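Given next, in structure tokens, is a single chain: the form predicted on its own.
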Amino acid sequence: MTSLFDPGLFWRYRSVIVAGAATTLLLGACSVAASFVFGLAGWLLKASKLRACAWAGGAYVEALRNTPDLLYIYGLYFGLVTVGVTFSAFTSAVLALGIQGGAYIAEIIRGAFTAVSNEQRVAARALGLKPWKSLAYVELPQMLRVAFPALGNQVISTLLGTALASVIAVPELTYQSQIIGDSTYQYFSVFSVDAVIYLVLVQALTRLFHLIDHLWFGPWRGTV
């Protein structure tokens, strides 16, 4: 009779599990990078004075924030094949997570931008700063201070979202756990290990973001 939990399972399959965790981190990093690109583009479109661009940016943000990631993973990997466009499973997952994550980042950037008072922009212009210098030296540091906690949460959300890539056989942590479970029938054991690894990764990221926030933005937040 198979026991509910096998404490030796991690050690026996450590190379497979570690490889899956490494793929998860790589997939997460690439997806986060893509989401920042899409997020910046979405924010610029939504903030545009051109009505068509603003409408497109708004439609992108609202549509992507209100539909599940899995739809885009399936759509990019399986749907585009019908029109002759083929992406690898890894690329499809990166694009899907990046496109949807970008919608949230666009809103985070928008909120941070509006948090900077217009008087400071006017003062920067009065001092002779060009718009790009005002953005770089006056607005951006304040925007980062406001946006950093939310951006950290979004990075963690994207990392956890990489588990969805298992449905198209990206060999990340959840997929590798499924394979081990199929071969050993120790599903409770393997997914318990899976959960612990995700927990460790998220806690490590959380502490890293907290440290960066404390060291970089602490003086502005009134902390030591």
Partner chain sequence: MERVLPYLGLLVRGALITLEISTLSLACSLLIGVLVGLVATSRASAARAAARVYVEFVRSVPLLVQIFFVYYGLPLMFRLNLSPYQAATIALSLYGGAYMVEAVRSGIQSVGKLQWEAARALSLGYWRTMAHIVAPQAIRVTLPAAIGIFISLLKGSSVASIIGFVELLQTAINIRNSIFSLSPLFVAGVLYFLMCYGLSRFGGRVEARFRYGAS
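Computed from a predicted structure; not experimentally measured. Positions refer to the first chain, counted from 1.
From this point on, the text means the form predicted together with its partner chain, which you will not see here.
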Give a yes or no on whether every one of D6, A89 and L95 sits within 4.5 angstroms of its partner chain in the predicted bound form by heavy atom. no
For Y74, is any heavy atom within 4.5 Å of its partner chain in the predicted bound form, or not? yes
4.5 Å heavy atom contact, L160 and its partner chain in the predicted bound form: yes
I'd like to know if L205 sits close to its partner chain in the predicted bound form, meaning any non-hydrogen atom pair within 4.5 angstroms. no
Do R51 and its partner chain share at least one heavy atom pair within 4.5 Å in the predicted bound form? no
Exactly one residue in I180, L45, V32, L164 has a non-hydrogen atom within 4.5 Å of its partner chain in the predicted bound form; which is it? L164
Would you mind checking 65 to 79 for residues with a heavy atom within 4.5 Å of its partner chain in the predicted bound form? R65, N66, T67, P68, L70, L71, Y74, G75, F78, G79
